[in-house]
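In structure tokens, the next block holds one chain alone, the form predicted on its own.
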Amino acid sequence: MGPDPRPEVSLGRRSPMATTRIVVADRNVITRVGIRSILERNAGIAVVAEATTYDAVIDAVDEHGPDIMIIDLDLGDDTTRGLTICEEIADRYPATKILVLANTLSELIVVEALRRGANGYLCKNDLKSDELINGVKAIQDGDTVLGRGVGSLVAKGLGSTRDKAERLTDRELDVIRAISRGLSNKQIAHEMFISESTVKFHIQNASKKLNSHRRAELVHRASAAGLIN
């Protein structure tokens, strides 16, 4: 096979048929190569870019518009900056789902990552290839993915969430379930025969009751309280 005749074309544009386009952000080259190898064994998945710095993450997402970004928050030994990047991407590029792939498990970091827009949190330790693939597919389908031990760790920090959640109305729970399926406000409104403003009203009320700031966090807290499956 000869050299690529169009080296100036970005990798993302070389994968127009991919159904899941991913940016991988990790400073360890072996980890990046491993993630790419695992993901691209599956038809329809393409790693369109890799990033090793916080600034490069934003540039990669801006250029390629991926479906999913997989990120290690500690690209530069600054977890706070990594969390800020999650928040920035969630705000600027809401179509891009975020999967955190971390070295360590911290209740504070997990909760904060979800609050700032992460759709999933997996730990690298003992992570099997099928768990990564299933996590990627679940996130693209609109689910929130928490690795082994992550969900129980976060649940311990929820305090009286169950008591608060039990005060959610049936309509609010219906909206949360719809969000968990990945539906937009417009789609929820159409499905439930209500206006988008009413959907937003229910989301705002439920978010206040569960002290959540983002859709993924709202779903997770309701799920942890045992109110949705």
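Computed from a predicted structure; not experimentally measured. Rigid core: the largest C-alpha set superposing within 1.5 Å between the two forms. Numbers for residues come from their place in the sequence shown, where the first is 1.
The next section is about a form of this same protein that is not shown, the form predicted together with another copy of the chain.
Within 4.5 Å of another copy of the chain in the model of the complex, a heavy atom is found for every one of Ile38, Lys124 and Glu217.
The stretch among 26-34, 54-62, 167-175, 195-203 whose residues place heavy atoms within 4.5 Å of another copy of the chain in the model of the complex is 26-34. At a distance threshold of 4.5 angstroms between non-hydrogen atoms, Arg181 is in contact with another copy of the chain in the model of the complex.
Another copy of the chain is not drawn, but in the model of the complex it has a heavy atom within 4.5 Å of Lys128.
At a distance threshold of 4.5 angstroms between non-hydrogen atoms, Leu101 is in contact with another copy of the chain in the model of the complex. Annotation: Cα of Arg177 displaced by at least 2 Å between the shown form and the other one, core superposition.
In the core-superposed comparison between the shown form and the other one, Ala216 has its Cα shifted by at least 2 Å.
Compared with the form shown here, the C-alpha atoms of Glu196 and Asp91 sit at least 3 Å farther apart in the model of the complex.
By 3 Å or more, the C-alpha separation between Ile203 and Ile109 shrinks in the model of the complex relative to the form shown here.
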